[in-house]
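To begin, one chain is listed below as structure tokens, in the form predicted alone.
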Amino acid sequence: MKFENAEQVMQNREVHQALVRWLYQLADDELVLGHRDSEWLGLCPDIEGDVAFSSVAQDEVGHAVLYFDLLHELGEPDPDNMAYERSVGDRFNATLVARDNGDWAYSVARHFLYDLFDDLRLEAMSDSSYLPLKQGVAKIRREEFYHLLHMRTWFVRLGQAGGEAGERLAAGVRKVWNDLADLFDFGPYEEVLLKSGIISFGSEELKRRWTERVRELFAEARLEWPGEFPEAELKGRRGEHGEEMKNLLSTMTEVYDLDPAARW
């Protein structure tokens, strides 16, 4: 099964529904994490980190725009509308990316463990049956490679430093761990995505590959393995979000809400 363009997908109602929901997950993850990254501007512990986080923030938001453009081609509203006008219950990002930034160690742990997840998720789409998605993923993977490299360096550096740095990183990992079950939720249409070839492997296989890679990095960073993920308190992939997400949306849409019809 191959889909060369949006028109071909829209002729298959089941695949169209599954692909739209999947793209919203991808776009919302990247937009929300990009916004959190931007909050580090001027606050990072060194100027290299400041420049890097600013660059990563721009890339993540750019990836969200790419996914929103694909959604628009599939009949969804324009990208600005999707980014700024949807209610909190219509957002399908993982709870993890909406959490407040906390301290530096938590932000590094969150980003690194998310980037590893995203790297494998992109791999699952690298030969997607939907050609526009496959082409977009090829571009995104080139940029995400450097995000992962940067965050891996910080993750291992903090862990190997020991002392307060190591303790803060371990605490950050424990906090991230509470939100991972929700991150690995592919939403209600995973079977359709697999059957139609939109993705080549599902959430269980992604979790297996992720665990294999993360265990090696934990050993290098001198961290103890926290064990199985606990059950998620909130299911962001199903539109369940807490106060942190509501506050983030209020800040992120502050300028847009002044005049939604304005063109810049």
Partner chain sequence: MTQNLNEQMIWDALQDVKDPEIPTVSVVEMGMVNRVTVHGEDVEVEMTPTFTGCPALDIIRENVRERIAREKGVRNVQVRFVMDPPWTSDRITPDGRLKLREFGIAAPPASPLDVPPCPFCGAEGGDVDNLFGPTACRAIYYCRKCKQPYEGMKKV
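Residue numbers count along the first chain shown, from 1. A quick note: this is a predicted structure, and the numbers were derived from the prediction, not measured.
There is another form of this protein, the form predicted together with its partner chain, and it is not shown here; the text below is about that form.
Peer 1: Please identify, from 235 to 243, 195 to 203, 27 to 35, 44 to 52, the stretch that has a heavy atom within 4.5 Å of its partner chain in the predicted complex.
Peer 2: Comparing against its partner chain in the predicted complex, the contact stretch is 44 to 52.
Peer 1: Using 4.5 Å between non-hydrogen atoms, is N178 touching its partner chain in the predicted complex?
Peer 2: So N178 does not count as contacting its partner chain.
Peer 1: Is there a heavy atom of Q135 lying 4.5 Å or less from a heavy atom of its partner chain in the predicted complex?
Peer 2: Q135: contacts its partner chain in the predicted complex.
Peer 1: Wondering, does V214 line up within 4.5 Å of its partner chain in the predicted complex on heavy atoms?
Peer 2: It does not: once its partner chain is placed as it appears in the predicted complex, V214 has no heavy atom within 4.5 Å of it.
Peer 1: Report whether the minimum heavy atom distance between Y84 and its partner chain in the predicted complex is within 4.5 Å.
Peer 2: Y84: no, not in contact with its partner chain in the predicted complex.
Peer 1: Does each of Q17, R21 and P79 have at least one heavy atom within 4.5 Å of its partner chain in the predicted complex?
Peer 2: Answer is no for this spot.
Peer 1: Give me the residue from R110, H147, R168, R121 that has a heavy atom within 4.5 Å of its partner chain in the predicted complex.
Peer 2: Checked against the cut-off, the match is H147.
Peer 1: Using a 4.5 Å cut-off on heavy atoms, which residues of 56 to 75 contact its partner chain in the predicted complex?
Peer 2: V56, Q58, D59, G62, H63, L66 sit within 4.5 Å of the partner.
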